[in-house]
Structure formats: structure tokens, C-alpha cells
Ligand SMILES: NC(=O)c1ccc[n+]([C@@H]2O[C@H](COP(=O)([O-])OP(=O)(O)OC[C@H]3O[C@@H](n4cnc5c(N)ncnc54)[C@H](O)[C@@H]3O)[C@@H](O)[C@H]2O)c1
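Next comes just one chain, in C-alpha cells: the form predicted alone.
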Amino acid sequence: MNKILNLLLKNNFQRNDCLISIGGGITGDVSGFASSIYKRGMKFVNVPTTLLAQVDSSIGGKTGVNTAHGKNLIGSFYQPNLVVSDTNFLKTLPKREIICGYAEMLKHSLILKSKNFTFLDKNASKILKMKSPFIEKSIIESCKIKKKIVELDENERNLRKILNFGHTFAHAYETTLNYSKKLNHGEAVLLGITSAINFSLKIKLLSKKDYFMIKNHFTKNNLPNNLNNYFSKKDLQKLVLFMKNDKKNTSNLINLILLKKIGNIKLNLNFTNRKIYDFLKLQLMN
């Protein structure tokens, strides 16, 4: 961040000059945040080069940086002047990065449009192998979902919170591992979705039918879904602490976005630290 701002200052960039970001989500987030605070806002163009960035972070205007206290706790809402997504960039990505982007497409399908989940469930293997026209269609449809939500609630006062489905868990998982390469953001989101549907089932919000449809999707496509591969019971206190520090919380309780059924989210459900601790403990025992 400091390097970008110092470069802009050293070269006396003006507010009507343009900062162009070419890269993944972190590059876009940091560049967008720098653009938003430099002289109170300069032009910004985002060219996302990863699937995760193309379907998620490049859309919606959220910018931010991580700290030791949690993920994206410092940031702003700042819309780019232009986003250019080219699927040719995706041909250079390893499988692990494709899965990270797929995580957000899966999340979008679960929170708003059940027919999108049906499409992913039928064509996931082709999408993960970057087959045309399946990859293009899945990107476009995913972007449409996020676009619709952001247009209705740009600054996340209410509806936009559904885009955080699985993310309260996911951000805690990333932060606990110090944002290491052991767990990428998209992989953390997949673990977060798994935790969210497990919790939704536990409190009898989600039906077993929809639960097993989602679980089967994870299994047949070999998507990360086992917390035990990343954490142990010694991590429990830290996990709960980071969930407690999540920016969506408005009290001492932990705020979760949970699933009622595929395509239907329940907002603003609050739970005690003990409830989350006991749930995660049980997950790590399985």
C-alpha cells in the first residue's frame, strides 16, 4: 500500500489520472483502496487475471487490506471506472486457483438462484477444466448475481450481507493461518460454506435434502470441505476470537449468514461465543 501511494505522490498523479490494476484480487483490492484515498479519489481501472477476482472482488467496489486483527478490517467502498475480464488470463492458472474462483461462483448460486446451482452441479467438471462455453456462462451468471445484489445495496446496509455467506467462518480460518499459502481465500470460502451449511442443519434451518445435495456437490468435485486437514482443537480459541472480531458483528454476539434452502438466505442471526466454540469443536472431532 505504502509503495503505491509513494509512487503516486512522487510522480504527482492528479485526481483525473488513472491507476490501472492488472492482477488478482489482492492487487485489485490494494490498488482500489489506494485510488480511493489518494487525493480523496482518483480514476481506477481493474483488470482481474484470476477466476476469483473476475467473479467476485472486481465487482461491487469493496476495497481493503488485511491486518493481524482480521481480514479486510481497513478499507472503503470505491467503484472502479471500468472492469475488463478476459478469460485468456485464466488459461495460465493452476487448478488450485480455478477452485478458488469456483468457490465464489458456488456461493453465488447458493444464496440467490437455485437454477444456477443446478447448472453448476451438472457442469462443474467442465467448468473446472475451463471448457467453453461452460466457463464463460458460469462467470457471466455469477457476475449477474453479484451485480444485482450490489445495485440494491451498494454499501452493505442489509441485503448485500448475503454475499458474506460462509465468510465469517472463512475469514477466521484464513486469519488463524496468518493468510498463508496453506489455505487460499477461495479454499477458506469452501470450508466456510461447509461450516455454514453444517451449522444451518444443526439449528434445523436447512433441510436434510438440500444439505446433502450441497455436500454431494463437494464430494463428487473433490472440493475442500474438511476442517481437520487445516486445524485442530488447539486452534479453537483463536478461531472464535477472530469470528468475534468480524466486522459484521454489532454486539458481543457472532453474526452469521445461514442457509434456509438453496437460493434462500437467512440474515442477521446472532450466536454466543460458546455456541460457535462447541460447534467447531464438534466439527474438529468428526
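Counting begins at 1, following the sequence as shown. Since this is a predicted model, take the numbers as computed values, not measurements.
Just so you know, the form predicted in complex with the ligand exists too; it's not on screen, but the next bit is about it.
Segments offered: 195-203, 210-218, 123-131, 179-187. Contacting the ligand in the predicted complex at heavy atom distances within 4.5 Å is 179-187.
The ligand in the predicted complex is not approached by residue 257, whose heavy atoms all lie more than 4.5 angstroms from it. In the predicted complex, none of the heavy atoms of residue 31 sits within 4.5 Å of a heavy atom of the ligand. The closest non-hydrogen atom of residue 97 lies within 4.5 Å of the ligand in the predicted complex. The closest heavy atom approach of residue 73 to the ligand in the predicted complex falls outside 4.5 Å. Contact with the ligand in the predicted complex, defined as a heavy atom within 4.5 Å, holds for exactly one of 93, 143, 112, 83, namely 93. Residues 24, 25, 26, 27, 29 are the members of 7-38 with a non-hydrogen atom no more than 4.5 angstroms from the ligand in the predicted complex.
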